[in-house]
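What follows is a single chain, given as structure tokens, in the form predicted alone.
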Amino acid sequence: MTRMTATRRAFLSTGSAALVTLGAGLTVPARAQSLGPTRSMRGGSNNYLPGAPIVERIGGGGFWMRGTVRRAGDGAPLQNARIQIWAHTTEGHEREPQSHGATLTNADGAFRLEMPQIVPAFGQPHGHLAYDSGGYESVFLRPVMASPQQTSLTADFVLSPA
């Protein structure tokens, strides 16, 4: 049978490690980090037209823009957040009023709006989305599609109070 002998050095090093662990708070459950806000993207506000109307659909449809809106920090969904959407589509250029529309988020903070198929502008198929209705800081997004054949695009917002 093997016999272990505790030395003063082993006792001190083990005890010191235990104290450091307790002092660092490593024995308590990990806390979730707060959710940081979405930053505006370069080019996101290009051809932005303030006050686009809330619509059921932009043009003839066939393409879906969707996403979520949450509050920075705790990630709570934001209901009735106004999201404006515009893009260069098969029915018009992104600077034309008929290519713009807005929608509101539901109780889960989700939004979706049907619009004509997005086509490449300046070599890239992309959409524009904006939160611009007050209460929170404005955010402009310009997500790029992997392919012009995609029939939907998703963009999520995390907003900081204004």
Partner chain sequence: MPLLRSILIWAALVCAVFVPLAVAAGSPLLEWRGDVYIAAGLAGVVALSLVLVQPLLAAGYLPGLAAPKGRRVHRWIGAGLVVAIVVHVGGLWVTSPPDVIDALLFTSPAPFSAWGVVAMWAAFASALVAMLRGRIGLRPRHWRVLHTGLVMLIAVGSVVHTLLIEGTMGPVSKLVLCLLVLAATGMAIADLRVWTLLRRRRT
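Numbering follows the first chain given and starts at 1. Source: prediction; values computed, not measured.
Keep in mind that the form predicted together with the partner chain is missing from the display, and what follows is about it.
Engineer: Quick one: of Asn106, Ser133, Asn46, Ser40, which gets a non-hydrogen atom within 4.5 angstroms of the partner chain in the model of the complex?
Structural biologist: Partner contact (heavy atom, 4.5 Å) among the options: Asn46.
Engineer: Tell me, out of Gly101, Gly67, Pro116, Pro125, which residue has a non-hydrogen atom within 4.5 angstroms of the partner chain in the model of the complex.
Structural biologist: It is Pro125 that has a heavy atom within 4.5 Å of the partner.
Engineer: Within 4.5 Å of the partner chain in the model of the complex, counting heavy atoms only, one of 50-58, 90-98, 133-141, 107-115 shows up; tell me which.
Structural biologist: Looking at the partner contacts, the answer comes out as 90-98.
Engineer: Are any of the heavy atoms in Gly36 no more than 4.5 Å from a heavy atom of the partner chain in the model of the complex?
Structural biologist: No.
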